[in-house]
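The chain below stands alone and is given in structure tokens; this is the form predicted on its own.
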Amino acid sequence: MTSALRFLMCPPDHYDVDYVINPWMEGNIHKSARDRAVSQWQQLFQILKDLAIVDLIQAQPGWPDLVFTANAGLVLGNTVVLSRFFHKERQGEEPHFKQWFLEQGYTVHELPKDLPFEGAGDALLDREGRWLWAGYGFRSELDSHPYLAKWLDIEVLSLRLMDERFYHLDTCFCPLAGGYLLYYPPAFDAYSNRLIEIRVPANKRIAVQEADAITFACNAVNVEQTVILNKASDDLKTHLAAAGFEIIETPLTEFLKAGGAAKCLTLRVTEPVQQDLHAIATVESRAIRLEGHLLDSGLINRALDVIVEGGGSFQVLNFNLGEQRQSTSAADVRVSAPSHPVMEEIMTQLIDLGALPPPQEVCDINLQAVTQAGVSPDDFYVTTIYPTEVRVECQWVKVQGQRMDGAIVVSATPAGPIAECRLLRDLQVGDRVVVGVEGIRTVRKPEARDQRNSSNQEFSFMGAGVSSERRVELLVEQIAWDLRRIRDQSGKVVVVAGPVVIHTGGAEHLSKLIRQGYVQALLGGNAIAVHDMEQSMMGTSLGVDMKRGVSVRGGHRHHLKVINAVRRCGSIANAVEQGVLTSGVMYECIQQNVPFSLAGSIRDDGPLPDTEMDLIKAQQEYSRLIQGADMILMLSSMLHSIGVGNMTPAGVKLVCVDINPAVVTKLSDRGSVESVGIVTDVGLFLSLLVQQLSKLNRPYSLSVS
């Protein structure tokens, strides 16, 4: 029995693979067998004609893909949204489709010329008429979806396509009668798959395997309980049959060479309107501004990648390129996302890059009160190392105590509002915490050209064709110069050190740095202090003789004997005062009044009486000691270095030295332009550093000639 449904098709009179605009066309230029293509199209036409009414549009020379009528537009009732083709190779099809729709009496809507949308190839109605599934990512732009919602008065659910083989939604997604769905999940991002699972019950989702997906099993035509497709595996046939569908296979291999099959060759032009359903557009758009050396620093590329990789879309509204070498550029960008949660995630990352919201759009940040001590409201803004400002009463207020991984608390004072970073554990009931991302900006100073060329680099000792040793020496020269400058200006250098410093023979060099006034605070764990004092008191480190490099009989007990001796004294300071400890890193700290903090861990033996085993107190002491630091020198202590890195605001120079590249990389990933990473032996590094400092005989001059 013929259905009242109508479909539009176009004879393949001029069909061929004339160009490459999708992966399926690669290697198939002019390789489609014309007679076979005509025969396959006729078979599909006859099958469909037996089930429904088929209208034809005349083929046109020069437009080989006109045969894929699914891309003519999107029809709902008497309204059609005409396609705006992404590729110029197909843009000439638009007037032919427009003429046909007008002749049939449809109301035709046309999108802006610079806004791609490829019709029913990327927009598929739920067969129950409840909503419209709309794809984006390759051929159609996310910003077209609000137009669809407005013109068709229907809810639009946006799905992001991730696999270039499935460049149109209809190549991997087919709504079926009865609320069923035939689709290929790996073609979509995680957000889209969650959305599909929310809207379609598990018992009605028919997920195909890759073998069926690449034969375009999802590019099917559904007429009531019949599914027409190119080819299906026995397993897929079983699933469809169990859901009550009859499967008709018709070979369409010649059209697969152009990236299309049954659905691509047809357009359903009778789509009933559900009168009780109305438009809902979940797509959200916001404007941002980017400023700085956008091109040569790669900032504009990073920002646009964040948007696209986060599942959004963008439009560059304005771009002002700096005219001189040191001039900065500015770009205004409209960001779109398929939902509010996705937009919040994208905006969080853009703010981290220094994106600025238009001030006139937000007068106040969103605040929510803490109702449980130590627990922030949901969706609180998570701070970074970069100086941050929040919008309060239409003014920008600088956040105090900047650090990573905190919340922002805003308080009213007689002098005006203040904002400060607060760790979750420190939140109190009644604190007002910033939630969302509106009215927040990070202040990123433009990088100088030489910084952009050299920052965030990692250097390996003897690890490249050009001498890595010379690279390390060059960096050591820079660090030595900075250390001398900071000391002569009464600045502050904090050293974070692990026990490897002792094991590699670096103790004497670090001791000398402390003795000569280059270190103003030392942070570490129980181990560095234990093994430093073991070397001083017993000549070994981890039971290894530091002069001969051989294990000492019974040496594995040495560190416990040292711990016991210091515990008997009551503290490291007492051990120095009583003459038990006479040299080494900890000795110099006591003698030079250099404060230190030893953070304990579950593996610590003893521990030493000076080791703080309360983690919270240890963190607080670390945070106190790094305040006001000009440089932090991190020496082979992954745990403590990363912890300190998270506490340190931007603007403090970080030097990370470790034989493990992963540690250096993790610190560099903070994104601070002040970071320097050196992959080398820490003992060698300290030796070179002390040698270089000894060469700097004259004091650092503060005068400028």
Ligand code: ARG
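A quick note: this is a predicted structure, and the numbers were derived from the prediction, not measured. For every residue, the number given is its place in the sequence shown, counted from 1.
As for the form predicted in complex with arginine, it is not shown, yet the points below apply to it.
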query	finding
Listed residue that, although arginine is not shown, lies within 4.5 Å of it in the predicted complex (heavy atoms), from A217, I528, C264, L483	C264
Contact assignment for arginine in the predicted complex, among L581, A258, L240, A599, heavy atom within 4.5 Å	A258
Residues R289, L304 and S336 all lining arginine in the predicted complex, heavy atom within 4.5 Å	no
Which of 60 to 68, 658 to 666, 46 to 54, 636 to 644 lines the interface with arginine in the predicted complex (heavy atom within 4.5 Å)	60 to 68
Residue contact check: R422 to arginine in the predicted complex, 4.5 Å heavy atom	no
Partner proximity in the predicted complex: G121 to arginine, non-hydrogen atom cutoff 4.5 Å	yes
4.5 Å heavy atom contact, R90 and arginine in the predicted complex	yes
Distance check, T171 to arginine in the predicted complex, heavy atom within 4.5 Å	yes
In the predicted complex, residues of 15 to 32 near arginine [heavy atom within 4.5 Å]	I21, N22, M25
